[in-house]
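Let's start with one chain on its own, the form predicted on its own, as structure tokens.
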């Protein structure tokens, strides 16, 4: 059984302060001194930064033997090859020349344009390709600086649009200042800020920001040492030692080598991605910065997060640490798992107050007069704490440890699912982000008269699922959530978030973007009494 919720059609263009329809106004997103609609090129060094591995491979292939012979005092070329040395050098030079020429052609035929509410990128000189993305459908925009690009002061700009399985547009590489300016102007156009007709080439100012939290390096290291990977590696090491002692065989110790190497590589990847993690709020949305060698600056515009998950592994519980992950359209399918994990992480490790602060950014209106009680019960509570509806007692044999935790609660703005007695988990889905709903009931669930309810959102690490609710409650929630989602989408009249609030001053560039930043009030941290229900869990 599935309920599909239709998306609202495009809203009618709103007039700006001067009365001109917004759809008829030009959009600009070029660096300073660039006119609207002009085709621009990326930095000339871009192909060499992207292809430095190929150049290094060519140099290594042709230069390794020569270098070794020079160090040993031997002739650079053997006698039988000495007569053909000039041909070998010419061949190597031709390979290098063709590679450099290919890089230059790649740069020359790579152009981008921002005009008419779209970003367009042309690439390729043999096989031409054009990609474009609507500005009002931008879901997230990132500035990425690999180590080599940082050395040259360059950055890659990439942003996601709705319904995209991979990055819709990648601009690699731009000067870091140009990348920031382009990001600011694209976000301003996506928000609905109107362009001054008298000065269409004037770049939009970068929105102010206020830092909300940062993750200390020592906490990040502690979270890695107390992670699930560490636990299983330690258990595997103890098992190997016991088996080696019991069988008088040293072969079991060799199994620890690949496990240790894999764990070290995993630690380094997570530390490199999570180092210097900071979160800030701005009129553009939530800004995340992180990275040790390769740095990344993400911007998640308001309302673009489809679902959120807060988890607490057992080893983190004594320290009160949590992890937060999100689903964002376009982040579902990425080039590698490491990048996907970093881009969907809203908070790698944080305290309860950090979690409440980030929840306030994602969900400024919690939809309940007692958010500390409701969300605190979702994180640590049992049974009916905070108004949660849980698995009936008759179905406790289906989840002996988790049946008192498995449950849901609904506020005016979001639906909350909680689960896990040892690995605690809270999932939050804004009502307007519910794409469809499904009920699942297997033979054993029918025997106990329970069913699972699944909310479908964009692909990502968050899978909203209510486990083992009574059949009557699941059917009722199915209908109620369908109605809530339909109503929430009717209230969202446009994808341009500033026009959803104030279509006058804000859209004209004199409202929230140009004015002082208003920081959402963090949700109140639950008191020990409010968490009492979870302490005996």
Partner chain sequence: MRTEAIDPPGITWQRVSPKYVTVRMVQWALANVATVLVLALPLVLVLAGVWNWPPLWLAVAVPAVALVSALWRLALIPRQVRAIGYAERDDDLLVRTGIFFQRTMAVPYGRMQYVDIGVGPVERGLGLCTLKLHTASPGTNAQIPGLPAAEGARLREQLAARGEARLAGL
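Bear in mind the structure is a predicted one, so any value in this text is a computation, not a measurement. Residue numbers count along the first chain shown, from 1.
The same protein also exists as the form predicted together with its partner chain; that form is not shown, yet it is the one meant from here on.
Taking the partner from elsewhere, residue 459 is found to have a heavy atom lying within 4.5 Å of its partner chain in the model of the complex. Put simply, residue 315 is far from its partner chain in the model of the complex: not one heavy atom of it is within 4.5 Å.
In the model of the complex, none of the heavy atoms of residue 141 sits within 4.5 Å of a heavy atom of its partner chain. Taking the partner from the other structure, its partner chain in the model of the complex has a heavy atom within 4.5 Å of a heavy atom of residue 443.
Annotated contact segment (heavy atom within 4.5 Å of its partner chain in the model of the complex): 433-441, selected among 283-291, 433-441, 378-386, 414-422. With the partner omitted here, the residue from 149, 374, 451, 114 that has a non-hydrogen atom within 4.5 angstroms of its partner chain in the model of the complex is 451.
Annotated contacts: 306, 471 and 479 all touch its partner chain in the model of the complex [non-hydrogen atom within 4.5 angstroms].
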